[in-house]
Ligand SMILES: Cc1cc2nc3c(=O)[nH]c(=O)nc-3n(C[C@H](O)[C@H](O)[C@H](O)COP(=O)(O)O)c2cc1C
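In structure tokens, one chain follows: the form predicted alone.
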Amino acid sequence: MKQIALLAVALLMGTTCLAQTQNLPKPNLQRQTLTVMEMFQQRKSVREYSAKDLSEQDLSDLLWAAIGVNRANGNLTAPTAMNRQEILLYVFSRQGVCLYNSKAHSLTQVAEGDHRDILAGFQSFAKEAPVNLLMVGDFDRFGSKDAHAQSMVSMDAGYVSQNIDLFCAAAGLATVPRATMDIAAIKNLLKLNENQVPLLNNPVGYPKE
């Protein structure tokens, strides 16, 4: 009986941990970065990263630039077809996996432990980046999964990935857009349904010295 009680407490503690929400620092909208033209000049795909963790402010600014709320009406930095806002952004790190809430500008943990390897797939360099951002298309939010919907949702994921690319170029971070990943393992880990589809991912880190 005592063992059952201890097991129940352990399960409750695990559930509480996975429900933890971390509020991010406000995005620094006065951040000093490159000009628009310099940013385009510096944009490139980088496949080597420092192992140093991103600072909280850099992570906050990165996620806001990717798909944060930039207007009082709740619209986002990345366009989405018919404003469906169907792209889910997950953050993989050595500590665990979190889902970004653009409305609250916060992270909610959905899995514990380091799972960057399932995003890296056979391209092992990707798991060296301290953060991997995964874009998942939620076709339930979009309202359809026909051929046109698949095209539109894929393009919307591309906009988010491009926002990540451009922010990294402007802020001196390193990244590369990728479609390689272990989709089956990701869907199992994140408990995605058949209408939630991993589409793209971006490893992000400081440049390797």
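The structure presented is a predicted model; accordingly, all values stated were derived computationally and were not measured. Position 1 is the first residue in the sequence shown; the rest follow in order.
What comes next is about the form predicted together with the ligand, which does not appear here.
Enquirer: On the criterion of a non-hydrogen atom at 4.5 angstroms or closer, are Phe125, Val176 and Leu200 all touching the ligand in the model of the complex?
Expert: All of them do, each having a heavy atom within 4.5 Å of the partner.
Enquirer: Should Ser45 be classed as touching the ligand in the model of the complex when contacts are defined as heavy atoms within 4.5 Å?
Expert: So Ser45 counts as contacting the ligand.
Enquirer: Do Thr180 and the ligand come within 4.5 Å of each other in the model of the complex, heavy atoms counted?
Expert: Contact check for Thr180: yes, within 4.5 Å of the ligand in the model of the complex.
Enquirer: Based on heavy atom distances of at most 4.5 Å to the ligand in the model of the complex, which listed stretch, 143-151, 30-38, 59-67, 45-53, is the contact stretch?
Expert: Going through the listed ranges, the match is 45-53.
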